[in-house]
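Shown here is one chain on its own, the form predicted alone, set out as structure tokens.
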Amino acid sequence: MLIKGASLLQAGEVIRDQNVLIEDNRIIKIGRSLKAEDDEIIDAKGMLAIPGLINGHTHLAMTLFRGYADDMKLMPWLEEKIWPLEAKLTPKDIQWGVKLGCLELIRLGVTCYNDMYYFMHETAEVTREMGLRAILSGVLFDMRPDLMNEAEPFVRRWKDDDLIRPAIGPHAVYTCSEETLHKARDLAEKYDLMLHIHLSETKDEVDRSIDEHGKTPVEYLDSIGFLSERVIAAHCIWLSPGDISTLARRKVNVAHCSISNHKLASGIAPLDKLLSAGVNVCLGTDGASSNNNLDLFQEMKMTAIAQKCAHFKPDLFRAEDIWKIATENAYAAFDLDLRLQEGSLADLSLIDLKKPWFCPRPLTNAVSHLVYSMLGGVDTTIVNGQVLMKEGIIPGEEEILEKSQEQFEDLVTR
């Protein structure tokens, strides 16, 4: 495959009129005079090629819950609305919810996502069918001990796949006993997998942990030997200085979900302190039930604006800083080389610059527009060297939208 005439965003700088040669699942060559015979050619004149984006924390099948339970605090939202509906979920619900979520990610230039939810075999099958890359962990709760028995078979089934990477997903300190957390950690170490957990999302969670364990959630997890560089900790809002130091020392990765945190009024994460301490922070959307979409560009803008406002410093978290968090930090967190350079995985998207929100265009730097102005315009999405969307067309989109609506209506009336 040859992409012709694109502007490339590399290390925050725009390089104009470039050709990108892709063979199999890798970028083989980048330059101005490349040719390819008998290959698919994509005319990218007037477009900006950006590296693939990673959604660092989500629950993809919860696209079926979009708009179902809004304007509530986290625990009532979970206990009164989300968990009762989740108790009715079937594999068919998951299949259509994941298809709908993949459709949305492809449209938004997201080529990989990190998920924790139910029915992971179905999630993996559908994700592979849709062509996306994913790190998938079946959620673990004490209230569902059967889920632990499903974790290792899922790992064995998918551990050698080129698109699907299994992980282990204990839900949170307040839903998992020490025994469950130990089992999750041991399984992750046995197969060298990532651990995905919600951590210190609300003040109530921290207060409860102090009451039950005499320690904050971070202190508690550290005391039982859970924390390490394999951990992706979602949210991390209510952190003490000691917690931040511990996360840095243990090399824990944090997936920050600004829009969900704000919508649920959970709080504003201390990103400045986390980054200053050396913690690797990337971005996630959380599920569409609490966001209410999977748009990582919106997440970038909200993250920047919220942090500026929280500190009354407009020069904090510049567009370039946010773009680095969304790309380079995410690649480091998930050990994926998605940079637009020779030898990297061929995960990228082409953005049509002929949109009002991209005009006027900076001559050399497009990062400001991507972080603050982006309202759509992803024309083409490529994952692992395969075109998933071209000229805004995704095969099967109409059926996915129709069937997802039918599945939602069936779910809420059971």
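Since we're looking at a predicted model, the values are computed, not measured. So that there is no doubt, residue numbering starts at 1 and follows the sequence shown.
One more form of this protein, predicted in complex with another copy of the chain, exists but is not displayed; see below.
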Looking at heavy atoms inside 4.5 Å, which stretch does another copy of the chain contact in the predicted complex, given the options 129-137, 258-266, 327-335, 142-150? 258-266
Would Ser349 sit within 4.5 Å of another copy of the chain in the predicted complex, counting heavy atoms only? no
Could you confirm whether Val218 comes within 4.5 Å of another copy of the chain in the predicted complex, counting heavy atoms only? no
Is His171 one of the residues lying within 4.5 Å of another copy of the chain in the predicted complex, judged by heavy atom distances? no
With the partner left out of view, is Ile224 within 4.5 angstroms of another copy of the chain in the predicted complex by any non-hydrogen atom? no
Assert contact residue (another copy of the chain, in the predicted complex, non-hydrogen atom within 4.5 Å, options Arg339, Arg107, Arg165, Arg230) equals Arg107
Which listed residue (Asp186, Asp192, Asp71, Glu179) meets the criterion of a heavy atom within 4.5 Å of another copy of the chain in the predicted complex? Asp71
Does anything in 326-356 come within 4.5 Å of another copy of the chain in the predicted complex by heavy atoms, and if so which residues, in order? Lys354, Lys355, Pro356
